[in-house]
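Just the one chain here, laid out as structure tokens, in the form predicted on its own.
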């Protein structure tokens, strides 16, 4: 029996409808959520990403600004612009699109964003809040993954979750969120011995390493939930994830497709974080 698909498109539509309703309430009180998006340079993929984010803001009723700068913009000029946005009461979230040109220190830029407006959840303080169980902004991709797991109706308490990947943006925060949901969590990575042994014990597998067909059917426990965060291209140039979808679908109970799975959820959770930033400022 094939696994049930967890559609990020359908779940995003539901969540965005909720976001739009809550936004309308705030806007009626003169407190419209606002997001500032900064793009430095002309990376084609980044241009698509920021365009999609600005469109998503308009769709739910946010105020948004998109600022595009030449790749030669100095780090100091960027930091000064972030400081002015930190002080702008109409802006509740600030997003600087990565990657930045090599002459700009991305860590300095991220740390310059006010924690109250760090809707990407990438700063050291945001990471510390997540690790400590304090209210803050959760990184958007793992936040979306948690929403997708919750949509299955399966309680994570006591379940064994394996996260493949240890990045600061997905792997580590994903593990922390699963832990907070009372799962028992194992983090695997490139130096893990016998990856398949670990994944075969898992009730939930989150694959986030960026390697095509890394997780195959023989590595998955029957009935497991499989979340595919990967974004790769196959030999024909078609978008695919880290999971051998056709094979794993016949073993898992629930699985996310690529495309149409985790991807749509990432922007949706950016909207949710921005909305929550506005609600915190205007309770």
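Positions refer to the first chain, counted from 1. Bear in mind the structure is a predicted one, so any value in this text is a computation, not a measurement.
Omitted here: the form predicted together with a small molecule. The next part is about that form.
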*Which one, 174, 208, 95, 162, lies within 4.5 Å of the small molecule in the model of the complex by heavy atoms?*
95
_Looking at heavy atoms inside 4.5 Å, which stretch does the small molecule contact in the model of the complex, given the options 120-128, 152-160, 179-187, 77-85?_
120-128
*asked:* Quick check on residue 249: any heavy atom within 4.5 Å of the small molecule in the model of the complex?
replied: no
_in the model of the complex, is there a heavy atom of the small molecule that lies within 4.5 Å of any heavy atom of residue 221, even though the partner is absent here?_
no
*Answer for residue 53 alone: is it within 4.5 Å of the small molecule in the model of the complex, judged on heavy atom distances?*
yes
